[in-house]
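First, one chain by itself in structure tokens, the form predicted alone.
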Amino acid sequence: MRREDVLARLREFGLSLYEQMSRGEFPRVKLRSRTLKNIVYDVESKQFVIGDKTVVRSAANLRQIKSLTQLIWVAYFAYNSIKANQPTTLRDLYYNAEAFGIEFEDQSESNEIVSDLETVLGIPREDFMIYPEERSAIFGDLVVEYTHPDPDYYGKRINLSSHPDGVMIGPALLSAEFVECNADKVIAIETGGLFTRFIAEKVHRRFNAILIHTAGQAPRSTRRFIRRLNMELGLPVYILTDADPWGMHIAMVIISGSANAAHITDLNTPDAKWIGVWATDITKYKLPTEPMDERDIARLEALRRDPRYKDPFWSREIDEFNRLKRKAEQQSFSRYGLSYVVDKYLPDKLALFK
């Protein structure tokens, strides 16, 4: 959303509170509930969405005054950040609150209030210029042009294969325009080790691909950027993770979003494909493994109850993990040599989805 439109919505929010008080009313805010009972999986859009149930935060309720005050302050913080063209982080917001006498128990509480503001205004926090600490990176033959308001960068073009360690997927890249792309696919990779290996093995050239390091669970900005590559450039997306329940979930969040962000749309890439490492690959490729722990088993059972995994393919892999009770890392292919995953495994997997 354009900067001016975001500022307008924030002003409308503030004005609504002012008008309530000018009428002698306690200020209150109505927002859609983000509880699990109000989050459903929409089969058509292939993502979690928030339902119609609403809650009210009112200064007339002593138990709600704190969260209402926090919400108003976060809106004020966001408004000033945008006005000053100063991108900030969730961590910065948490510490900055202390200077204004706004108390949060911990950062998770302040993060929740930011999500509440997203819900009230229907705008993602990235449009407020509030971001998480970024850790994802991208590498490939894609030229982008920055639209960042800083005159030192506005209009500057860069090829994302120009840095040997990849380019961080931060606020400036998220809003950049795509100028020229010579790739025909995206490969999203969970681990930094394999991402670095792929760069060294020239996977971007050998497979004509844009490489993205998700750094575990992909941050929202990374998921939004992956969606842009898919929707705007028509690039198919393939996801490589560790062979464990957590890797399955990393892939599924890219494909269908998460319950935590059900109030925000356009974060998922429904046509993305999880190409490995599958549970069935552990047996097929005789990979070195280690036993699952109780936390892994609990996650596996949670996936089994999740409606997104009812498809026969996902169910098969869950059943196989349950049978094996073992897991494997992406790096386990190194038992066959450092280049095996590029020379053999990746071509085999990509061939399955042609």
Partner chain sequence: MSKDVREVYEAISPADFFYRNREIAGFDNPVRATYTIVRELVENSLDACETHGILPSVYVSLTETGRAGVYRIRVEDNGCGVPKEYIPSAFGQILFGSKYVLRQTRGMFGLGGKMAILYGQITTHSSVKIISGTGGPVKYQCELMIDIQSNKPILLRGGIKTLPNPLYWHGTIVEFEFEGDYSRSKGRILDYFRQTAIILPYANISFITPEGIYYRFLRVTDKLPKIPKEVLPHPKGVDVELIKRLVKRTRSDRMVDFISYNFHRVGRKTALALLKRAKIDPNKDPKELTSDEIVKLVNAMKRYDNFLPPDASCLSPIGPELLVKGIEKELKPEFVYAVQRKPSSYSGHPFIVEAAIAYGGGVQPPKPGEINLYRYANKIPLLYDTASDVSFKVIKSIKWSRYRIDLEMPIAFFVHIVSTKVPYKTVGKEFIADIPEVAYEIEWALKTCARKLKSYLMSKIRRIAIERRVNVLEKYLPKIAQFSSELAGKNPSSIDVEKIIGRLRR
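Numbering follows the first chain given and starts at 1. Note that the rigid core is defined as the largest set of C-alphas that superpose within 1.5 Å between two forms. Quantities reported herein were computed from a predicted structural model and do not represent experimental measurements.
This protein has a second form, the form predicted in complex with the partner chain, left out of what is shown; the following refers to that one.
**Q** For Val40, is any heavy atom within 4.5 Å of the partner chain in the predicted complex, or not?
**A** Answer no; every heavy atom of Val40 is more than 4.5 Å from the partner chain in the predicted complex.
**Q** So in the predicted complex, does Lys66 come within 4.5 Å of the partner chain, heavy atom to heavy atom?
**A** Answer yes; at least one heavy atom of Lys66 falls within 4.5 Å of the partner chain in the predicted complex.
**Q** Check Tyr18 for me: does it contact the partner chain in the predicted complex (non-hydrogen atoms, 4.5 angstroms)?
**A** Close contact exists here: in the predicted complex, Tyr18 approaches the partner chain to within 4.5 Å, heavy atoms only.
**Q** Given that the partner chain is not shown alongside this chain, does Ala75 nevertheless sit within 4.5 Å of it in the predicted complex, heavy atom to heavy atom?
**A** Ala75 belongs to the contact set for the partner chain.
**Q** Among 43 to 51, 297 to 305, 320 to 328, 26 to 34, which stretch has residues with heavy atoms no more than 4.5 Å from the partner chain in the predicted complex?
**A** Looking at the other structure, the answer is 26 to 34.
**Q** Only one of Pro164, Pro151, Gly234, Gly101 has a non-hydrogen atom within 4.5 angstroms of the partner chain in the predicted complex; which is it?
**A** Contact check passes for Gly101.
**Q** So which bits of 44 to 65 sit within 4.5 Å of the partner chain in the predicted complex, heavy atoms only?
**A** The stretch 44 to 65, when checked against the partner chain in the predicted complex, contributes Ala59, Ala60, Leu62, Ile65 at the 4.5 Å heavy-atom cut-off.
**Q** Look at Leu338 and decide if its Cα position differs by 2 Å or more between this form and the one not shown after superposing on the rigid core.
**A** Moves: no, less than 2 Å.
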